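Alright, here's a single protein chain in two forms, structure 1 and structure 2, each given by itself as structure tokens.
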Structure 1
Amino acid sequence: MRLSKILMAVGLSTAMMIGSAQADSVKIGNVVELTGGGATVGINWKNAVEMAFGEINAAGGILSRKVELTNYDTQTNAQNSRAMVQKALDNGSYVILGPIYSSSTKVNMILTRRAEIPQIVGSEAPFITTAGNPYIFRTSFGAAQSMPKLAAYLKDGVKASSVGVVWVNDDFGKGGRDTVISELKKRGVKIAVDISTEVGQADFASDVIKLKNSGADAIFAYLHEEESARLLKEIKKHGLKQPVVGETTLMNQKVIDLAGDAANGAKGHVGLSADAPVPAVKEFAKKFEAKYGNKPDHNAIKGYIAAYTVKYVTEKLGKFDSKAFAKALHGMTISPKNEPGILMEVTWDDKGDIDRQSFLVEVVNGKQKITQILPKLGK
């Protein structure tokens, strides 16, 4: 009897200690591309998320709880991303961050919706936020937000009356292609040629010949990082003189590094840039480079913002409530004055799309040069 009571007391004490330890932390699942074709973008995101939550934990955590972050590798595979999101849910994640590739988000956001857990992603395809999912949020512009700005730039800035469109045939590429063509046509700009390419494509010679023969005034490129660099090299090799314009991916420092001189002169719209003339962004870039030894890309900034969004919304609520979190973030504006880690003022609409300042850039001597600051769409 005495032994039984002792064992019972020990068991109760252990259970209380475990419960106390769990109460002292909050679990966040970071589901992102760490291997495979998307590793470049995924590792930038992961590093920034880890840096942000490291800062948050060092400052006392969120509502006095430390963040317990777990990374899950999608392997840049849509079905594997679904399995990883399920793992993160099974592990009790309060919020899930990632992934970046739209094809992965397409199949895994069903799970977070069913579980009523907020998911903050870096994906850009329009369908991500038009599916009526109240638990999905972006930290990057979707094509519906960025392409109107790009189409206006091609017509009014580049003065193009015809454009050759080159895009990657996946959910990311098709969403951007459909939206930019619609926006160009609204502005009376002719589509000189419409070229579909493949993920991982190595040879762009025939595509560039089609561009050359189309007579287009400008080229719009919407591919992933490595393919963008190969396209730029092929364009330079064939001596095309038309301006090459793209979205954030084309302006990525990884693309610039891989393409070398062929990247110089490329122009485009970026939602985020480490070279942005924003003091908080510059300070973030400085800290990131000191920690990881490389300059952060836009995916790193997106991940950092995602982490601090979790902190701000939760502290605003005063509790850890996943359903209340999702409800609160719709229509919310976060200012750096209230949360410095957010870097720039951002607003989420009722669909989970983000609005903030963005930038027009040109690649000059292997670096992004900001040429114009564009205001929030909602201003």
Structure 2
Amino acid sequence: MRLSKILMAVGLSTAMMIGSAQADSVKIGNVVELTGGGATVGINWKNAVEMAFGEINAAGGILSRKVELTNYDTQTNAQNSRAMVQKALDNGSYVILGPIYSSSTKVNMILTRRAEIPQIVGSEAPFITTAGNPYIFRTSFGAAQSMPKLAAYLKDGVKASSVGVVWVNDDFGKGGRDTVISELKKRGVKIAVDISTEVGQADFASDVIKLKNSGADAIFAYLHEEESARLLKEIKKHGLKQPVVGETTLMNQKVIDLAGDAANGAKGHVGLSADAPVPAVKEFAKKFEAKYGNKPDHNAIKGYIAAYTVKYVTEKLGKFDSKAFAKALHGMTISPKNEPGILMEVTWDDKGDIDRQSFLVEVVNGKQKITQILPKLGK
């Protein structure tokens, strides 16, 4: 029957797609959200990774081997991300980059661990690095690193004794919310109100009324960019005077552009930001914007750094050895002096988390203004 022929053809074509390699190149699998709800962050990451390896290849590759970068689309879905990581592994990837959504990372990091291939992810949920997986690395702060800084800032900088927490109910928002609440409680700060919001929510009237009635001294907002802007506008509309404090996304230039006046006065902690007062970061942001037409978000910076991390570690090792790569990266410090592509000096700990300088910022007249530089903890 013809059906079986079709099936046979399917099988053969699938089999043929696997295999076939160029001997003088090294394969890197970039498994990331290219379609679906995560496409916005995923494409930022992908563009930056492509840009970085483009630069690296133009400069002669890694240990004079060209990087053969393959993008795999997770479709912003966990079971598919697992399939894609499996495929990247089958194809003989030396290192795997991505994904960004924590729920996807949670499932596919099992595979890289089994295969003993290092994976550098953009996810920020705490559980990624607490599972004792020796092959997982981040290039940005996880919530477990950034939230304590924020909680301390809320208590000592803002002098808040009670905080209203607004968060987006997905795996990004939930992770941040859980960590910040436990950090605030640890420091004796009361949670006045705890408000869950939806991705794509248009009307924040009910949430702002709750904040108004809660009597909180400060508002902690942990939402995606678009929703952050809507929330800020609604807060301004209702004339709430409490300071709005947040993590990286809240003070993003995009939020400021979208929210206009309403963003003024928003403050918080920023790990990676295209507006950071670091010449290398600004330089990168300029190149990125010229190439792709939009300002890079923090996910783009994460991806860029991830690519250069691969280059630096491999050259340091002097060979392509995935297992040794993972071992070497634990405890390693990379400085922009040795590798300009790393942008800011960064140190990995034994779990794959990073330590790096970060900033406390405030939005003044529609611009991010650095109010304090938080040094690396290890120094």
Partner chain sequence: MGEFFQLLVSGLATGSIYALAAVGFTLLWQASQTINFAQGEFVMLPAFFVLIGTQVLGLNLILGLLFALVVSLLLLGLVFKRLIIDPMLPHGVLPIVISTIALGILLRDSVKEFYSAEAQPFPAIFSERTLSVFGAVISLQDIAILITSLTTITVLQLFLTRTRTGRCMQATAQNRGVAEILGVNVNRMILYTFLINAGLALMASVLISPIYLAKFSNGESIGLIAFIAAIVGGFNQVRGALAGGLLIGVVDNMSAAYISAEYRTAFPLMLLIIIILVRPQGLFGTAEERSV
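Each form is matched to the other, and the largest set of C-alpha atoms that superpose within 1.5 Å is called the rigid core. Not measured: the values here are computed from a predicted model. All residue numbers here follow the sequence of structure 1, with the first residue given the number 1.
Matching the description of the form predicted in complex with the partner chain is structure 2; structure 1 comes from elsewhere. After superposing the rigid core, the C-alpha of R113 moves by less than 2 Å between structure 1 and structure 2. K190 shows a C-alpha shift below 2 Å between structure 1 and structure 2 [criterion: core-superposed Cα displacement of 2 Å]. Relative to the superposed rigid core, the position of the CA of K87 differs between structure 1 and structure 2 by less than 2 Å. Once the two forms are overlaid on the core, T371 shows a Cα shift of 3.1 Å between structure 1 and structure 2.
Core superposition places the Cα of V255 4.5 Å apart between structure 1 and structure 2.
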